[in-house]
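So this first bit is one chain, no partners, the form predicted alone, shown in structure tokens.
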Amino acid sequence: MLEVPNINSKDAKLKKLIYDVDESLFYEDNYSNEEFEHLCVCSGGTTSSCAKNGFTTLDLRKNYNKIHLDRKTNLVTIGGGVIMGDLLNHLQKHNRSFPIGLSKLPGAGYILTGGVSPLSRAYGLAIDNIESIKGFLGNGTFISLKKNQINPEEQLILEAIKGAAPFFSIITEIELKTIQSNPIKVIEGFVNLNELSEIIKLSEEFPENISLQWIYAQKIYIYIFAELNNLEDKRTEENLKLLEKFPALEKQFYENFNKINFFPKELNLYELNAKNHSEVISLLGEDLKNDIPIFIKCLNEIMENKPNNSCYIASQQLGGKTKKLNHGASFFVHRKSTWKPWIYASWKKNDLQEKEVALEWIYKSWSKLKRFYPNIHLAQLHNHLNSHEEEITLAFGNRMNELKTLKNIFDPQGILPPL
């Protein structure tokens, strides 16, 4: 049985489970019958698409889980099935780190679909830190691509892998830049809507080493995350001092990023409830600026209409280096984005009526939020949902035609998830 964090995938009745990528995986005989459904790939297992009823899953976690840090270059090489928490644990032994997200459970899929971290404003997205990759294209061709050592055709493939890898490739190895592990100050706590509005306004002026994360479940909880490169940094102190007016917020000091656990139990989140299935849609948008009051009103209306207590909306802050690094050199095209909110809905796993209501709430909420966040961050694949084509179009924008071409050339049998 495929034990994964995502309950949807954990409950799936698989057709077959594979652990190795070899030539036989791409034999046409495996995919020529009409009943074949495309291959699901599991790197960490946090997505609802890594295993489905009647589908074959390639589970990279067993045989592609090696981690090696080169102490001379501080580059780390990881297998395609390495969990982000394990990567952080390994790097911490050498006082290094990497910009992982709010959860330590995702695998390499987190990196390959963009990778938004509280550290992204200072160090870029996870894809901005890729130095080289190895793996297979959907037609069985082995690839080994190193940044700055490739021809124009390979350059396009590497750019597409950075943001759109799951559609035409299976990545078995990634080489990444690592960063110095620094102390972190987190200011966190419950706030009301008016306070959230004020804090969002302040955050849009934050320096690159500070970022805001918030979640609106039954109540609103925020994290202001500050990496302390220099304990005497006056600009950091000045920005954090502005937050002292919010009485419920508390300061926590951590030796490093690895020590932080986001979203405390007091929030009563239902994500790990084994009786629930769920879906999540991630959006992208620029600074809210003068639209903050209208956004807060819209957010409140959405939350007043949520179908159950397991539904929530949350957001991470981008900007800084994510707006500057590698512009145009990846298929994460929405480089002007400041915010990545996501809409999460959950339901009792065998209750089809509740599922329909929950998904309807996601779509209505998305429709209301589009004026603020018109684009998509494709952190989850939804080819089983009606929204799939629109999500892909909004995720890849002006590079969509290039992606279709790469898909036709390098995954002609449609082995990997469809566009």
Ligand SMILES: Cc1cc2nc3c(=O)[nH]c(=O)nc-3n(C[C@H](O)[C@H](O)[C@H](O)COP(=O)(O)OP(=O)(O)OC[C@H]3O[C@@H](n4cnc5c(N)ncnc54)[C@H](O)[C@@H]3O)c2cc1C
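All residue numbers are counted from 1 along the displayed sequence. Since this is a predicted model, take the numbers as computed values, not measurements.
Just so you know, the form predicted in complex with this ligand exists too; it's not on screen, but the next bit is about it.
- Site residues 46, 113 and 116 are all in contact with this ligand in the predicted bound form, judged by any heavy atom within 4.5 Å.
- This ligand is not drawn, but in the predicted bound form it has no heavy atom within 4.5 Å of residue 179.
- Although the partner is absent here, residue 343 lies well away from this ligand in the predicted bound form, with no heavy atom inside 4.5 Å.
- Mapping the unseen interface onto this chain, residue 381 counts among the residues with a heavy atom inside 4.5 Å of this ligand in the predicted bound form.
- Although the partner is absent from this view, residue 127 stays clear of this ligand in the predicted bound form, with no non-hydrogen atom inside 4.5 angstroms.
- Note that among 103-111, 284-292, 237-245, 198-206, the stretch whose heavy atoms approach this ligand to within 4.5 Å in the predicted bound form is 103-111.
- Of the residues 320, 189, 166, 140, just one reaches this ligand in the predicted bound form with a heavy atom at 4.5 Å or closer; this is 166.
- Contact residues in stretch 389-419 (any heavy atom within 4.5 Å of this ligand, taken in the predicted bound form) are limited to 417.
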